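Single chain ahead, by itself, as structure tokens, in the form predicted alone.
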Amino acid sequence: MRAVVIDGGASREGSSPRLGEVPDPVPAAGEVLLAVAATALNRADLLQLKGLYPPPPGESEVPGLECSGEVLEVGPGAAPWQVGDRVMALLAGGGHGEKVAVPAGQLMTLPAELSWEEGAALPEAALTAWTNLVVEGGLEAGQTVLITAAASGVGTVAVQIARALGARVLVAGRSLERLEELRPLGAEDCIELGPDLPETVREANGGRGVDLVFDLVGGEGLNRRLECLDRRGRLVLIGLLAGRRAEIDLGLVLRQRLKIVGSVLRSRSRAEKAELVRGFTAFVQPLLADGRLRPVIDRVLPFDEILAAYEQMAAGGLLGKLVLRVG
């Protein structure tokens, strides 16, 4: 089959991707083999190319953390999935190929309301959003959340999920023009990331801080985002777009009794991912059925243009997801 191959290996800095031929994956016990219909790109794929985010041991070296497709083969113990099922899948790797073997617990039925491309844009982004808003962040109805890098694939889904939870949603990023496009999704106020962020957030939130910061940025501005929190607020750190080092005021953390939670999805065990997928599926099914949740797709490219897609992902400026049509 055709797949993205990383010359030099996924853990070597400076590796370069190419589209090449690799052996078809074979489903092990508890796995299902998919014919990939569509897949999507994530920042993690770019990090893998740089040797900064290798796949967990035993997982595919092919990049790609989500896809949609049709079941080709069901391994032992992978019931109730059947050949021909239309599904979307959360992956630890392997999505940027024409076939992929997936743990059965990481599959979700692709609703009839969604296209292959929409299904490919959801699993990694939506599960990341739901896990860190609900499981890690404890967001509840009536609370306020600040979502940074909100125009990203994860951010656009997080806005919709937070709205569905009954929370008030503030969004922050570098481009107010792109943020304004999130208002129809549920964003109430759009705020530019900068030195005045804490004051602007409080002004937008009636003079008080937010209950949760859903942070995809990290870096040296982290302390300003901590200053956006109300007493007993939580910051869940999911991404490091601005870097992995920050200086924070621990006195602020103590005085305000704040919580800082670091969270990743890819390296969690298959059992933990299956548990998250079950919870997420129960939550999201009605939202997908009535249209309250839809992935935001910036563009769809053919699989043959996947290397150009990597370049576009690295260049930034996308609103939502970049999707590849494979099958």
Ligand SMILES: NC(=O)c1ccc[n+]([C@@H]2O[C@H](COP(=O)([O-])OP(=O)(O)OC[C@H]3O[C@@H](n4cnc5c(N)ncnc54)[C@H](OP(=O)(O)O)[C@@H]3O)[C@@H](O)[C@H]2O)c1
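Everything numeric here is computed off the predicted structure, so don't read it as measured data. In case it trips you up, residue 1 is the first one in the sequence shown, and so on.
One more form of this protein exists, namely the form predicted in complex with the named molecule; it is left out here, but the text below deals with it.
A.B. asks: When the named molecule is placed as it is in the predicted bound form, which of 271-279, 35-43, 56-64, 284-292 ends up with heavy atoms within 4.5 Å of it?
C.D. replies: Contact criterion met by 35-43 only.
A.B. asks: Look up in the predicted bound form whether residue 239 has a non-hydrogen atom within 4.5 angstroms of the named molecule, and give yes or no.
C.D. replies: Judged by the heavy-atom cut-off of 4.5 Å, residue 239 is in contact with the named molecule in the predicted bound form.
A.B. asks: Using a 4.5 Å heavy atom cut-off, state whether residue 144 contacts the named molecule in the predicted bound form.
C.D. replies: Residue 144 lies outside the contact set for the named molecule.
A.B. asks: Considering only heavy atoms, tell me if residue 22 and the named molecule come within 4.5 Å of each other in the predicted bound form.
C.D. replies: No, no contact at 4.5 Å.
A.B. asks: Taking any heavy atom pair closer than or equal to 4.5 Å as contact, tell me whether residue 191 reaches the named molecule in the predicted bound form.
C.D. replies: It does not: once the named molecule is placed as it appears in the predicted bound form, residue 191 has no heavy atom within 4.5 Å of it.
A.B. asks: Counting any non-hydrogen atom inside 4.5 Å, which residue from 216, 235, 167, 108 sits next to the named molecule in the predicted bound form?
C.D. replies: For this set of options, the contacting one is 216.
A.B. asks: Have a look at 133, 149, 201, 185 for me and say which one sits with a heavy atom within 4.5 Å of the named molecule in the predicted bound form.
C.D. replies: In short, 149.
A.B. asks: Would you check whether the named molecule, in the predicted bound form, lies within 4.5 angstroms of a non-hydrogen atom from each of 16, 95 and 327?
C.D. replies: Not a single residue of the candidate spot has a heavy atom within 4.5 Å of the named molecule in the predicted bound form.
A.B. asks: What residues of 119-149, in sequence order, lie within 4.5 Å of the named molecule in the predicted bound form by heavy atom?
C.D. replies: Contacting residues: 124, 128, 149.
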